[in-house]
Ligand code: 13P
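Quick setup: one chain, the form predicted alone, written in structure tokens, and binding and motion questions come after.
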Amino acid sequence: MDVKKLQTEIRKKLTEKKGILLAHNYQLPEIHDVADLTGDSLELSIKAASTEAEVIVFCGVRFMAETAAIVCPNKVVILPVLSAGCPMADMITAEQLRAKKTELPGTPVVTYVNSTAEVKAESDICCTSANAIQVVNSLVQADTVFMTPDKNLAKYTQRHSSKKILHWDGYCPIHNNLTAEEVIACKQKYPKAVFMAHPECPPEVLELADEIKSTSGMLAFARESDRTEFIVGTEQGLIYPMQRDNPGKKFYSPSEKLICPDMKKTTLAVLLQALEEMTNIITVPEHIRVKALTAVKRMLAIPKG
């Protein structure tokens, strides 16, 4: 079956199942084109919660589908490929975090949404790559905080906070492998381009950035900027929606390594099969879901600054 036929079948099944299709920004182009909503993981779950959909199909990785299950407990959540995981999220377990908390009594735990439901449930508050600084600085009673699982996001946040930030030693293998040398070479090749970097990149890469943004932040910046050339310091999947939304602008990847294998596992065929068979349903035990949702809600309650 060709791409158009598969997309047509998927849309038909979504209508039959009263479903909504969410696609993370790093997904394949043909997944973007069939989705109802595209974006960052948490924003997608929040938007889906306000819809009448009974079924959520989340084209992304496991922690994203878990987040949808946390935020949308009355909807069925499907992850098309169960093996689509996140190495960074898997770098810390709830048991490891509980042990760390005993070493740091009274220290608030700020957990990146790129984490498992169990780790969120052990946390005081969640953050995104876009609001990590705001979340940390909102903890006015604390002089020290502990951030998990991403060391690079923690180091970036430290640059913009007077608090002492301790961190877990996790990282996104894709972003962490981007080198300053690769960025410099790309900037030399495209001297007119603005370099946008994701906070998950190493500090030496962020030092070279003209803009440090989340994926949604990069999309907005590219759309609103009067510049016409951009170096995109994140997973290459983001370039497709950028190019689609800004046909008169040019986008370059600084490295061929910026590809997440897990994000590319979701194909139209496996997506259709999961939807037809209603398989790969993701659930979160209620005692974990409630605690994890509390950490998310605390973040969402912070006034927009």
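All values derive from a computational prediction rather than experimental measurement. The numbering used is simple: start at 1 and walk along the sequence shown.
Not pictured, yet referred to below: the form predicted in complex with ligand 13P.
A residue is said to contact a partner when one of its heavy atoms sits within 4.5 Å of a partner heavy atom; residue 112 meets this definition for ligand 13P in the predicted bound form. Residue 120 falls outside the set of residues with a heavy atom inside 4.5 Å of ligand 13P in the predicted bound form.
Residue contact with ligand 13P in the predicted bound form: residue 157 places no heavy atom within 4.5 Å of it. Mapping the unseen interface onto this chain, residue 41 counts among the residues with a heavy atom inside 4.5 Å of ligand 13P in the predicted bound form. Contact with ligand 13P in the predicted bound form, defined as any heavy atom within 4.5 Å, is confined among 160-168, 207-215, 221-229, 182-190 to 207-215. Annotation for 176-204: interface residues with ligand 13P in the predicted bound form are 198, 200 [heavy atom within 4.5 Å].
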